[in-house]
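Next up: a single chain in structure tokens, the form predicted on its own.
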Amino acid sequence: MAIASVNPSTGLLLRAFESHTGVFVEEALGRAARSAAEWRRVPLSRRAALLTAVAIRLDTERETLARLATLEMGKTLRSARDEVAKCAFGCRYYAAEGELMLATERITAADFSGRIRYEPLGVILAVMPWNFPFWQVFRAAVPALMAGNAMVLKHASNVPQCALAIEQLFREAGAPEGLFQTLLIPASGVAALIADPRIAAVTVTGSEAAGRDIASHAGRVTKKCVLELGGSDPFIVLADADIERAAQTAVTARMLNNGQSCVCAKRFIVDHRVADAFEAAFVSRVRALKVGDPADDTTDIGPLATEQGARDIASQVDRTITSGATLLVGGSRAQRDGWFYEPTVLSNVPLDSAAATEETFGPAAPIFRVSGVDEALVLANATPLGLGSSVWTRDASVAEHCVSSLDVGMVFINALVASDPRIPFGGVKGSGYGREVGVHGLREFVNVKTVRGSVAP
């Protein structure tokens, strides 16, 4: 695929880039290796100072960066501003807490004493997606850099300008040469990077297929990888839920980022006793969403990021309706230039239909009716994916039952599933392994070094 920016609102080419050549890549890896060797010896206070400086640059450039993300992948300008602000928050969080997370731990017992040190691995390769072109990168890069690693970014080929802007941010904030670099290369070039001895580990956010492929390459050369892949997140509404609040949150949970997020709610599983009320409240709010220019602050839903993405969601909705689902609202491409799809709600969705068995990456919401909590949990777990989940109930014991029963990496009670620098993010089953952010994310790319014994006085 060409490395190019195409405006999803118009389908017009913005700018095309030549792939970086073998010579450029070789020199970049050399710089990264030298920088990693030096950065690991830099005091934690200095690493924190760099992250603070990056946060200041993000604050200063917030509007420019937000408009770039909107132009390049179609997210609404409002959400793009929030994304950049979240990156700055993440920088400040690790600047404040990173030193404590990396502090040497001392283990003592009656017959021995030891230490656990957290040391950097070296150069981390980040293979990142387009849907959150800044936050996805920062949530991988910031803890890795705080831990003393360097990073090389292979970003999605449709957001090259965002990728280059991130490198420039770090450079302008005072990052040493080679500490964070962007490589504009096709996906076919990733295997060679993984095999290079200067790459110590890999972090990936993307599709299941991409994750499996990259993990297989990493496994051949015994390199650690963290995989954050797809999701088919259940949004469970039980009979005692606050229906109005659940419906309001459900719209955001499904339509966030134009429906293009791994942790968007993908399957709405509703107790039959409140299903009519939930559907009515949900549909009325979806009908009120404004589809339009993502740069307009009044717009709620912008275009899909790629033409293929618009085709895929249209196909999934059409196939689900053919399988017997009821269309409540939407259901077609918007009548305008660009890759827009109408916000869509489907009811009476068959369990073997496309919307039930495939990850939907767009503004389409399937609703399933169940008899109660036990059936809801069986349906929620009936997927090869296991990223996030949201449960709506007023009963604390039922909530805890759901927490222990759901086969996912994250459970949010009466809340929207979202990533946050302060808590680990990731999944199980086909959604991948390893964690991003939080203390667990920071320690993914360190050598947990055990030290026992001492020099006698």
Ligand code: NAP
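This one's a predicted model, so the numbers in the text were calculated from it and none came from an experiment. So that there is no doubt, residue numbering starts at 1 and follows the sequence shown.
Heads up, the form predicted in complex with the ligand isn't pictured, but that's what we're talking about next.
Across the options 340 to 348, 375 to 383, 356 to 364, 114 to 122, residues that bring heavy atoms within 4.5 Å of the ligand in the predicted complex belong to 356 to 364.
Heavy atoms of Lys154 reach within 4.5 Å of the ligand in the predicted complex, making it an interface residue. The ligand in the predicted complex comes within 4.5 Å of no heavy atom belonging to Arg254.
Taking the partner from elsewhere, Pro129 is found to have a heavy atom lying within 4.5 Å of the ligand in the predicted complex. In the predicted complex, no heavy atom of Ile236 sits within 4.5 Å of the ligand. Each of Gln136, Leu229 and Leu387 places at least one heavy atom within 4.5 Å of the ligand in the predicted complex.
Interface residue among Ala85, Ala195, Ala334, Ala187 relative to the ligand in the predicted complex, by the heavy atom within 4.5 Å criterion: Ala187. Checking Gly178, Gly206, Gly330, Gly148 against the ligand in the predicted complex, a heavy atom within 4.5 Å turns up for just one residue: Gly206. Looking at 159 to 183, no residue comes within 4.5 Å of the ligand in the predicted complex, counting any heavy atom.
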